[in-house]
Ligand code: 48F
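Quick heads-up: it's one chain on its own, the form predicted on its own, in structure tokens.
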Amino acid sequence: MIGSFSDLDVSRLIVRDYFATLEQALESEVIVVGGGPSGLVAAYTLAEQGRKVVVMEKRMTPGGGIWGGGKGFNRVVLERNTAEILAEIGCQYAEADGYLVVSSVGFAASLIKKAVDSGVILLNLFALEDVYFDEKRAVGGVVVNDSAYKQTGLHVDPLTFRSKLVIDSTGHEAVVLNCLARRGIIALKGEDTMNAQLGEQGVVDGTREVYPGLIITGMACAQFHGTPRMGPIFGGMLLSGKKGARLATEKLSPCTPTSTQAR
């Protein structure tokens, strides 16, 4: 026998725990918009430093473009210089022809687990509506809604989450960047055609703070700088996430971990 239980208790426990976490997430040091590879790497790297980090992902499952591999074949390729990061997240790989080949499912799952285990607050089904500007007109947070409301076009007012920095890791869609572009604050060049070598290097080189309070990583860099896309090779994404975390650390004040951050 599985034992007796109450349906009401199950619901009560879910609601109680989730909304306690949600309240914590309202104010943080870094909000990462987009739970793809560069965003998850940036998030767990910062969280391991004791930073309070929130990842917002509009889909049910984080992992970005990893899951499908190349053309639905659930394998992806990475450069050899990312082996240390793969070991860091506990992802197995095979070496072949000078590259690292991984299961896309195992790769995505390892990144997600690493982020959660590091103390990242991960909120899925959160869709960005806008950015929040602080009193100095720097990006100081985001305005978000439920993904289902966005998809069905329902008019439901959003909520504001504050942070010291925002990282746009929303990939090809460059959602945060587009909030600024539609106001004429920045201009996006749009990603170029596929070229893995130039695309990978362009993503890493293009990881930077492009507006006060806003750092870009991953394919959002290609959208901003006009560099090529690269297909199912992901080393540049991981390295971009590490660089984004380093830039965020340089911008933030010295970290004093709290019991909440170290949970």
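Residue positions are given as counts along the sequence shown, with the first one as 1. Small disclaimer: the values here were computed from a predicted structure and weren't measured.
One more form of this protein, predicted together with this ligand, exists but is not displayed; see below.
Colleague: May I ask you to check whether Lys52 falls inside a 4.5 Å heavy atom distance of this ligand in the predicted complex?
Modeller: No - in the predicted complex, heavy atoms of Lys52 and this ligand never come within 4.5 Å of each other.
Colleague: Wondering, does Phe161 line up within 4.5 Å of this ligand in the predicted complex on heavy atoms?
Modeller: No, no contact at 4.5 Å.
Colleague: Using a 4.5 angstroms cut-off on non-hydrogen atoms, would Tyr44 count as touching this ligand in the predicted complex?
Modeller: Answer no; every heavy atom of Tyr44 is more than 4.5 Å from this ligand in the predicted complex.
Colleague: Is His172 close enough to this ligand in the predicted complex to count, meaning some heavy atom within 4.5 Å?
Modeller: Result yes; His172 sits at the interface with this ligand in the predicted complex.
Colleague: Counting only heavy atoms and a 4.5 Å cut-off, does this ligand in the predicted complex sit next to every one of Ile31, Gly140 and Leu180?
Modeller: Spot residues vs this ligand: no contact at all.
Colleague: Leu128, Leu78, Ile89, Ile112: which sits within 4.5 Å of this ligand in the predicted complex by any heavy atom?
Modeller: Filtering the options by heavy-atom distance leaves Leu128.
Colleague: Of these, 132-140, 181-189, 79-87, 162-170, which stretch puts a heavy atom within 4.5 angstroms of this ligand in the predicted complex?
Modeller: Every other range fails; the passing one is 162-170.
Colleague: At 4.5 Å, heavy atom to heavy atom, what parts of 236-254 sit next to this ligand in the predicted complex? List them in sequence order, or say none.
Modeller: Only a single residue, Met237, comes within 4.5 Å of the partner.
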